[in-house]
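Single chain ahead, by itself, as C-alpha coordinates, in the form predicted on its own.
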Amino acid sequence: MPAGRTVSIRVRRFDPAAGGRRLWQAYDVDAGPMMSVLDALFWVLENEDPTLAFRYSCRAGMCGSCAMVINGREGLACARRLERLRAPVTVEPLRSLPVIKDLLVDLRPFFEKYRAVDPFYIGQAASVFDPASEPAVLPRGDAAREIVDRQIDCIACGACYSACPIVSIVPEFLGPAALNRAYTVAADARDAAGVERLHRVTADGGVFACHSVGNCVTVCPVGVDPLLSIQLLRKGAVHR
(Lines give C-alpha, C1' and ligand atoms only; values in the text may rest on other atoms or scores of the structure.)
Protein backbone atom coordinates (compact mmCIF):
# COMPACT_ATOMS: atom_id res chain seq x y z
CA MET A 1 0.00 0.00 0.00
CA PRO A 2 1.55 3.37 -0.98
CA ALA A 3 2.35 5.76 1.86
CA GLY A 4 -0.37 8.33 2.45
CA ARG A 5 -3.23 6.35 0.95
CA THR A 6 -6.58 7.10 2.55
CA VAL A 7 -8.58 4.08 3.68
CA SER A 8 -12.15 4.28 4.91
CA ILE A 9 -12.74 2.53 8.25
CA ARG A 10 -16.30 1.97 9.45
CA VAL A 11 -16.53 1.24 13.18
CA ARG A 12 -19.56 -0.10 15.00
CA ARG A 13 -19.99 2.36 17.87
CA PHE A 14 -21.86 1.90 21.14
CA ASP A 15 -21.81 4.28 24.10
CA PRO A 16 -24.07 3.39 27.05
CA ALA A 17 -23.60 6.90 28.42
CA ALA A 18 -25.05 8.41 25.24
CA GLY A 19 -28.31 6.52 25.00
CA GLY A 20 -26.90 3.10 24.18
CA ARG A 21 -27.66 3.23 20.45
CA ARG A 22 -25.50 1.17 18.10
CA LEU A 23 -24.42 3.02 15.00
CA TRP A 24 -21.77 2.98 12.30
CA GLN A 25 -19.21 5.76 12.18
CA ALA A 26 -16.80 6.23 9.28
CA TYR A 27 -13.24 7.55 9.44
CA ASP A 28 -10.78 8.28 6.66
CA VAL A 29 -7.45 6.93 7.87
CA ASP A 30 -4.10 8.06 6.47
CA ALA A 31 -2.75 4.54 6.01
CA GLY A 32 0.95 3.78 5.76
CA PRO A 33 2.69 0.62 4.54
CA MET A 34 2.05 -2.53 6.60
CA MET A 35 -0.51 -0.70 8.72
CA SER A 36 -2.69 -3.08 10.73
CA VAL A 37 -6.32 -2.61 11.69
CA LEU A 38 -5.13 -1.98 15.25
CA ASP A 39 -2.77 0.73 13.95
CA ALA A 40 -5.71 2.27 12.15
CA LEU A 41 -7.77 2.32 15.35
CA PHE A 42 -4.91 4.05 17.12
CA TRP A 43 -4.76 6.57 14.26
CA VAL A 44 -8.46 7.31 14.78
CA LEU A 45 -7.95 7.58 18.52
CA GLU A 46 -5.07 10.04 18.16
CA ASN A 47 -6.30 12.08 15.19
CA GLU A 48 -10.08 11.90 14.97
CA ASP A 49 -11.87 10.59 18.03
CA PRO A 50 -10.26 10.17 21.47
CA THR A 51 -13.43 8.51 22.80
CA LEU A 52 -13.07 5.34 20.70
CA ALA A 53 -12.80 2.29 22.98
CA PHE A 54 -11.02 -0.98 22.16
CA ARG A 55 -8.83 -3.53 23.92
CA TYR A 56 -5.23 -4.43 23.08
CA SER A 57 -2.03 -5.57 24.76
CA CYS A 58 0.93 -7.26 23.07
CA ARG A 59 0.33 -5.95 19.51
CA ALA A 60 2.17 -9.05 18.25
CA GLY A 61 -0.63 -11.60 17.69
CA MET A 62 0.18 -13.49 20.88
CA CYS A 63 -2.21 -12.37 23.63
CA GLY A 64 -5.56 -12.32 21.81
CA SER A 65 -6.69 -9.09 23.48
CA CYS A 66 -7.53 -7.28 20.23
CA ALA A 67 -9.90 -9.91 18.80
CA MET A 68 -12.81 -8.30 16.96
CA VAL A 69 -14.91 -8.77 13.84
CA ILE A 70 -13.17 -7.33 10.77
CA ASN A 71 -15.02 -7.28 7.45
CA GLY A 72 -17.50 -9.74 8.90
CA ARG A 73 -14.95 -12.24 10.16
CA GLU A 74 -13.31 -12.65 13.55
CA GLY A 75 -9.59 -11.96 13.79
CA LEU A 76 -6.85 -10.15 15.67
CA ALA A 77 -6.73 -6.47 14.78
CA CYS A 78 -2.96 -6.39 15.20
CA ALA A 79 -2.51 -9.21 12.67
CA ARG A 80 -4.85 -8.02 9.90
CA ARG A 81 -3.18 -5.68 7.40
CA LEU A 82 -5.23 -2.95 5.74
CA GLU A 83 -3.57 -3.60 2.40
CA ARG A 84 -5.03 -7.12 2.37
CA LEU A 85 -8.58 -6.06 3.20
CA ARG A 86 -11.39 -4.89 0.98
CA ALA A 87 -12.33 -1.25 1.63
CA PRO A 88 -14.25 0.13 3.32
CA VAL A 89 -12.96 -1.89 6.25
CA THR A 90 -15.66 -2.64 8.81
CA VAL A 91 -14.78 -3.24 12.44
CA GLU A 92 -17.25 -4.59 15.01
CA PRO A 93 -17.05 -6.01 18.55
CA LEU A 94 -17.04 -9.77 19.10
CA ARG A 95 -20.48 -11.35 18.88
CA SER A 96 -22.47 -13.13 21.60
CA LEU A 97 -20.78 -11.07 24.34
CA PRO A 98 -22.09 -7.94 26.10
CA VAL A 99 -20.64 -4.76 24.64
CA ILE A 100 -19.20 -2.40 27.24
CA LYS A 101 -18.36 0.39 24.80
CA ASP A 102 -17.62 0.43 21.07
CA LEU A 103 -15.25 -2.51 20.35
CA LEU A 104 -14.76 -3.38 24.01
CA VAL A 105 -16.71 -6.46 25.13
CA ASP A 106 -17.29 -8.07 28.51
CA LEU A 107 -15.47 -11.43 28.40
CA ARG A 108 -16.85 -12.70 31.70
CA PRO A 109 -19.47 -15.04 30.10
CA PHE A 110 -16.69 -16.55 27.96
CA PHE A 111 -14.38 -17.17 30.92
CA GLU A 112 -17.19 -18.39 33.18
CA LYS A 113 -17.85 -21.19 30.68
CA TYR A 114 -14.11 -21.77 30.37
CA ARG A 115 -13.82 -22.21 34.15
CA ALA A 116 -16.85 -24.52 34.19
CA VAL A 117 -14.83 -27.36 32.67
CA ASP A 118 -12.08 -27.16 35.33
CA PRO A 119 -9.51 -26.09 32.72
CA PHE A 120 -6.47 -27.32 34.61
CA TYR A 121 -4.71 -30.59 35.24
CA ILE A 122 -5.82 -32.28 38.48
CA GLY A 123 -3.25 -34.79 39.72
CA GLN A 124 -3.63 -37.82 41.90
CA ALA A 125 -3.78 -37.40 45.66
CA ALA A 126 -0.37 -37.52 47.31
CA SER A 127 -1.29 -40.77 49.06
CA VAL A 128 -1.76 -42.62 45.76
CA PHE A 129 0.70 -40.78 43.52
CA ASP A 130 3.53 -42.97 42.32
CA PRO A 131 6.25 -40.92 40.55
CA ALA A 132 7.82 -44.13 39.27
CA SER A 133 4.72 -45.05 37.27
CA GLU A 134 3.37 -41.55 36.49
CA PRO A 135 5.72 -39.47 34.31
CA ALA A 136 5.78 -35.70 34.74
CA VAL A 137 4.44 -35.25 31.20
CA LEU A 138 2.88 -37.48 28.58
CA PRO A 139 5.66 -39.36 26.77
CA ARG A 140 6.63 -38.31 23.26
CA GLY A 141 5.11 -40.57 20.66
CA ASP A 142 1.88 -40.82 22.64
CA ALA A 143 -0.99 -40.21 20.17
CA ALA A 144 -2.89 -38.02 22.60
CA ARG A 145 0.16 -35.86 23.26
CA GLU A 146 0.63 -35.15 19.55
CA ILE A 147 -2.88 -33.71 19.39
CA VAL A 148 -2.69 -31.93 22.74
CA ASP A 149 0.59 -30.26 21.75
CA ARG A 150 -1.30 -28.55 18.91
CA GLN A 151 -4.48 -27.75 20.83
CA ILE A 152 -2.87 -26.12 23.88
CA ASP A 153 -1.81 -23.15 21.73
CA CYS A 154 -5.23 -21.56 22.31
CA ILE A 155 -4.80 -17.94 23.46
CA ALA A 156 -8.41 -17.57 24.73
CA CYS A 157 -9.08 -14.60 22.48
CA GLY A 158 -12.79 -15.38 22.14
CA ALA A 159 -12.80 -15.38 18.31
CA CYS A 160 -14.18 -18.93 18.08
CA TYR A 161 -16.84 -18.14 20.69
CA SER A 162 -17.96 -15.13 18.65
CA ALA A 163 -17.98 -17.04 15.35
CA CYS A 164 -19.92 -20.04 16.68
CA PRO A 165 -23.60 -19.92 15.62
CA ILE A 166 -24.59 -22.32 18.40
CA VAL A 167 -23.30 -19.96 21.09
CA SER A 168 -25.64 -17.30 19.73
CA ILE A 169 -28.76 -19.47 19.93
CA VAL A 170 -28.03 -21.88 22.82
CA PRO A 171 -27.06 -19.77 25.85
CA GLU A 172 -25.86 -22.75 27.89
CA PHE A 173 -23.47 -24.02 25.19
CA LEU A 174 -19.95 -23.99 26.64
CA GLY A 175 -18.38 -22.94 23.37
CA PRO A 176 -15.38 -24.13 21.34
CA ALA A 177 -12.58 -22.71 23.50
CA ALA A 178 -13.83 -24.23 26.75
CA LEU A 179 -14.42 -27.63 25.15
CA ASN A 180 -11.04 -27.54 23.45
CA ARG A 181 -9.40 -26.87 26.81
CA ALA A 182 -11.41 -29.67 28.40
CA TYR A 183 -9.99 -32.10 25.87
CA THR A 184 -6.38 -31.03 26.43
CA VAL A 185 -6.61 -32.00 30.10
CA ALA A 186 -9.03 -34.94 29.75
CA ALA A 187 -6.69 -36.55 27.21
CA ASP A 188 -4.00 -36.83 29.87
CA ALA A 189 -4.35 -40.32 31.33
CA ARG A 190 -2.85 -39.06 34.59
CA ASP A 191 -5.65 -36.55 35.17
CA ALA A 192 -7.67 -37.54 38.23
CA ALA A 193 -10.75 -35.55 37.20
CA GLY A 194 -11.15 -37.08 33.75
CA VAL A 195 -14.43 -38.94 34.37
CA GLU A 196 -16.04 -36.04 36.24
CA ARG A 197 -14.96 -33.57 33.58
CA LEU A 198 -16.30 -35.85 30.84
CA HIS A 199 -19.69 -35.91 32.56
CA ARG A 200 -19.64 -32.12 32.57
CA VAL A 201 -18.81 -31.67 28.90
CA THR A 202 -21.38 -34.25 27.77
CA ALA A 203 -24.25 -32.70 29.75
CA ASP A 204 -26.65 -30.12 28.30
CA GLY A 205 -24.65 -27.38 26.60
CA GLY A 206 -21.68 -29.66 26.10
CA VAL A 207 -20.12 -31.42 23.13
CA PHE A 208 -23.36 -32.89 21.80
CA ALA A 209 -24.82 -29.39 21.37
CA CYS A 210 -22.16 -28.64 18.74
CA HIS A 211 -23.43 -28.84 15.12
CA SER A 212 -19.92 -29.16 13.62
CA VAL A 213 -20.25 -25.98 11.56
CA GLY A 214 -16.50 -25.39 11.76
CA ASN A 215 -16.41 -21.59 12.07
CA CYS A 216 -14.22 -22.04 15.14
CA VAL A 217 -11.54 -23.69 13.02
CA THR A 218 -11.70 -21.06 10.29
CA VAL A 219 -11.26 -18.03 12.54
CA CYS A 220 -8.70 -19.32 15.05
CA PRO A 221 -5.68 -16.99 14.73
CA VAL A 222 -3.21 -19.60 15.99
CA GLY A 223 -4.37 -22.65 14.05
CA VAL A 224 -6.11 -24.57 16.84
CA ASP A 225 -8.89 -26.98 15.77
CA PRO A 226 -11.57 -26.87 18.50
CA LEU A 227 -13.88 -29.03 16.41
CA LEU A 228 -11.37 -31.89 16.53
CA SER A 229 -11.27 -31.65 20.34
CA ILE A 230 -15.07 -31.71 20.48
CA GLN A 231 -15.20 -34.77 18.24
CA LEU A 232 -12.60 -36.57 20.36
CA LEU A 233 -14.52 -35.77 23.55
CA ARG A 234 -17.64 -37.23 21.94
CA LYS A 235 -15.72 -40.32 20.98
CA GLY A 236 -14.40 -40.68 24.52
CA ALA A 237 -17.89 -40.37 25.94
CA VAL A 238 -19.21 -43.08 23.62
CA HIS A 239 -16.37 -45.44 24.52
CA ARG A 240 -16.96 -44.92 28.24
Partner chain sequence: MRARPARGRQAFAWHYLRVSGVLIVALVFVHLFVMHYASLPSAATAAFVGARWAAAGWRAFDWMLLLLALTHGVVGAHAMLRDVARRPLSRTALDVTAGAVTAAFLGLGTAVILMAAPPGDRGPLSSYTWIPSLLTGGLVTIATAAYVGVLAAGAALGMRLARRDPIGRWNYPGQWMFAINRTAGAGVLGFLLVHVLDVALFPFAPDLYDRTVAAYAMPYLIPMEAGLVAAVVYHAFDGLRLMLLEALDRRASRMAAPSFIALVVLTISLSLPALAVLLGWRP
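Positions refer to the first chain, counted from 1. Computed from a prediction, not measured in an experiment: that's the story for all the values here.
Omitted from view is the form predicted together with the partner chain, to which the following refers.
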Q: Give a yes/no on whether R22 approaches the partner chain to within 4.5 Å in the predicted complex, heavy atoms considered.
A: no
Q) Wondering, does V29 line up within 4.5 Å of the partner chain in the predicted complex on heavy atoms? A) no
Q: Would you check, heavy atoms only and a 4.5 Å threshold, whether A177 touches the partner chain in the predicted complex?
A: no
Q) Taking heavy atoms only, is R5 within 4.5 angstroms of the partner chain in the predicted complex? A) no
Q: Taking only heavy atoms into account, state which residues of 60 to 78 are within 4.5 Å of the partner chain in the predicted complex, ordered by sequence.
A: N71, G72, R73, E74
